[in-house]
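A lone chain, given as structure tokens: the form predicted on its own.
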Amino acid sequence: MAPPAQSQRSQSPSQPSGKSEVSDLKLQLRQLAGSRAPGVDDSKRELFKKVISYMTIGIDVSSLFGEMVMCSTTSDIVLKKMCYLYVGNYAKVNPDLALLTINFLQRDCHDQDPMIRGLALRSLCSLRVANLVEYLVGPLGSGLKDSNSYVRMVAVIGVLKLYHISASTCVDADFPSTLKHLMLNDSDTQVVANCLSSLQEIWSAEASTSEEASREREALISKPVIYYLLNRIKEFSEWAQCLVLELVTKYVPSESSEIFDIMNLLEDRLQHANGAVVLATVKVFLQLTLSMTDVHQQVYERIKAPLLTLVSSGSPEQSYAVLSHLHLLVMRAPYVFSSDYKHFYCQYNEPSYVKRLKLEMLTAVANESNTYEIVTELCEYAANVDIPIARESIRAVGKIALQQYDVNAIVDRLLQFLEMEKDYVTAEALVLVKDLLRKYPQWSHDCIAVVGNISSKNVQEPKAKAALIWMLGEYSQDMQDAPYILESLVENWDEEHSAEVRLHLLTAVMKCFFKRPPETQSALGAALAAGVADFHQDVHDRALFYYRILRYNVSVAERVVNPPKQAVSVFADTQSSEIKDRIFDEFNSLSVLYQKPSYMFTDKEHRGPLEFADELGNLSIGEAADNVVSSQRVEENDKDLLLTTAEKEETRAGHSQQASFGIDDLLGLGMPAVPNVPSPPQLKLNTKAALDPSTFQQKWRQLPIALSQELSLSPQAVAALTAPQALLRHMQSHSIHCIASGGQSPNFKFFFFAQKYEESSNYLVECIINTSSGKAQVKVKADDQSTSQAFSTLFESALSKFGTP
């Protein structure tokens, strides 16, 4: 009987079948280690390639360590590179093996070939083994003095690696001083750039524990160093130029002439082909002129052309990065870019992420002169095959209408969208028409005439359906079939899965009942019954509330549910001005692309639900996690709503007395109130405070915004601002001093400072006043964040008294 056939499997020639092949490699390497026969280097290359390939796919070849080191005795640079790669990989996980490499690496650090010297020094510093630190100091010292720039460049980065392995060894060897000398005297710009990068990292880490390191870090942004680097900037590589320009943004010139000198020197960097260099230069221009309002506006005009050129050239990814920065600038100064709106038109072959950003920018730059052209272009996108972009374009049209530009024509366009036979177009248009009616009630007659022809059965998206129901309730007196449409929706209550729609339906039926009671009474009863029985807590609570208030008093219910309404003047912004300013301070970084400050995507508490997967346990991601409520809690809430006041007091007897007092007092039940906590002592300011402009600018850039708020000015204050000096004298009488001011009517900008009495704690204020709106935008920065609120109250009080006799 023949033996069973064994399964045959073809093996890759680059993958060993087991330990035997690694053993074969070890034997072959040992045979070649001392050989000087012709062609031995070629044989070594083949074996080295096999070893590296095995190592790359995760096979342990650490047993070949000794043989690899013995075979490294060669002048072939390719073999040297592969050997260094192998050594660096296994030295990290096996420090004992790393000791075997020290001799041959140190020997190679003195090789005649500068390339081998540099590679050996890089590999020696990359071992990152604390026990071998003593062997790094000598080769690094020699490398920093090497005649070849490549070796010096590697040695500089090696110093930084040494610092991260053993900071004390690096500082004791006085390497930072050597790097500083090289930075200011070396002829090779890449060496200079590496020195700058290393010194910034070392001194920033040391500054917290060493005053000398803190002084050295400040010296990096002194005038001699900055001017030396700027005068050589054309010699630097693109990466090094960005490094130097980032350093320049931290420099605070002592006088305005310096600002203009620096900008003139960097003028040609705006024409650079590399987008990173251009953006870094733009950041320098913007940061230097922050305190010079008029010049700052001129900078926007100057940087506009280079940025628009970068958008139209290069890859989509580069276009998006530049567009994101342009988007930030457009939001800050839309009028500067209003004449260039055609640059933001979407191209057919652009990715959707670029198109979406351009749509936002078209919305921002719209004004009286270009609205017609922009809206016409946006309406073309509504028929785009890319449905998300079509939706965004319709929303953009609505946003422009809410900005009060050419409202008549835009309303007509939106009503035409409602007549298009595309579900997503109708859905987006309904939501926008609802917002427009909230701001422009005078258009209700024209809009309702079109909306009345839309069947609720053809609207499936929750937000659009909710908007339609809102209009049916709000304008039920003008829509003949409104009660009957609402009644049919109530009949299909159980088929409606969106809680948002059910909530709107409850309110709409209530409103319709107050306007047309006979036709709506039965629908209202059915809606309240369905709402009270609803499983969703919000719907249940609202239905119960409506039922109780109707039983109490119908006229009171009408005043609560359907009061006289005023037109909405301003819709809430999605981002606060403080967030936008922080993003601007982090110009030329990922913050601009993410449209959020760095602390929101770097600190753990600001990360998304995915980052908390381990901590949340059984909670799911996103909105589903918010809806996880125990059945016991829902049941308790239902019982609580149905209890009388006396019953509630009995069931809550076990609660803390303080909380009970607070709730009962809020409900006006005559219970004793909790004693008031004494207010903190009022902040007292130094009447003779002094602060030089350079220190103010430096602190303004370094300190985070503590508070940001909008204040209203009295008519008397606005009238008194015809002479801005009056405000400066008034604030000074309250120990708040002005250090810079500018602008012309109706926009004025002031920078104030104050100091805490008998302390060196400073408060810095930027105050932008618009006399046409009577509003003041105030940002406060403080050395002592805990007292910023008290100072803000004091500043607001002083400003409110301006103009009063």
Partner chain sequence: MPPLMGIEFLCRVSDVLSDYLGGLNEDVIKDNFVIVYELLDEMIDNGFPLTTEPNILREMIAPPNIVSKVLSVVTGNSSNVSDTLPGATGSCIPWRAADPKYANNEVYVDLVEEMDAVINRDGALVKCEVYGEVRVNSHLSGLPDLTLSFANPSILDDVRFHPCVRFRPWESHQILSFVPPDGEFKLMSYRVKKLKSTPIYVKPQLSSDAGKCRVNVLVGIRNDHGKTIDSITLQFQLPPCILSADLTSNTGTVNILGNKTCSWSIGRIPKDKTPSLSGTLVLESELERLHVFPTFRVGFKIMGVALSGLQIDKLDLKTAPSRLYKGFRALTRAGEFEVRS
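Positions refer to the first chain, counted from 1. Think of the rigid core as the biggest set of C-alphas that the two forms share within 1.5 Å after superposition. Bear in mind the structure is a predicted one, so any value in this text is a computation, not a measurement.
Heads up, the form predicted in complex with its partner chain isn't pictured, but that's what we're talking about next.
Proximity to its partner chain in the model of the complex, taken as a non-hydrogen atom within 4.5 angstroms, holds for one residue of Asp538, Asp446, Asp188, Glu218, which is Asp188. This chain is drawn without its partner chain; in the model of the complex, the residue among Cys242, Val375, Ala543, Val561 with a heavy atom within 4.5 Å of it is Cys242. Using a 4.5 Å cutoff between non-hydrogen atoms, Ile52 counts as a contact of its partner chain in the model of the complex. Among residues of the shown chain, Gln566 is not one whose heavy atoms approach its partner chain to within 4.5 Å in the model of the complex. Taking the partner from the other structure, its partner chain in the model of the complex has no heavy atom within 4.5 Å of any heavy atom of Ala173. Though the partner is left out of this view, Asn588 does reach within 4.5 Å of its partner chain in the model of the complex, counting heavy atoms only. Each of Met115, His272 and His343 is positioned with at least one heavy atom within 4.5 Å of its partner chain in the model of the complex. Only one segment in the set 70-78, 210-218, 697-705, 552-560 has residues whose heavy atoms sit within 4.5 Å of its partner chain in the model of the complex; it is 70-78. In the model of the complex, Ala305, Pro306, Leu308, Thr309, Leu310, Ser312, Ser313, Ser315, Glu317, Gln318 are the residues of 299-318 with at least one heavy atom within 4.5 Å of its partner chain, listed from first to last.
For Lys250, the Cα coordinates differ by under 2 angstroms between the shown form and the other one after the core has been superposed. Core-superposed comparison between the shown form and the other one: the CA of Gly158 exceeds or equals a 2 Å shift. Arg302 is not among the residues whose C-alpha shifts by 2 Å or more between the shown form and the other one once the rigid core is aligned; its shift stays under 2 Å.
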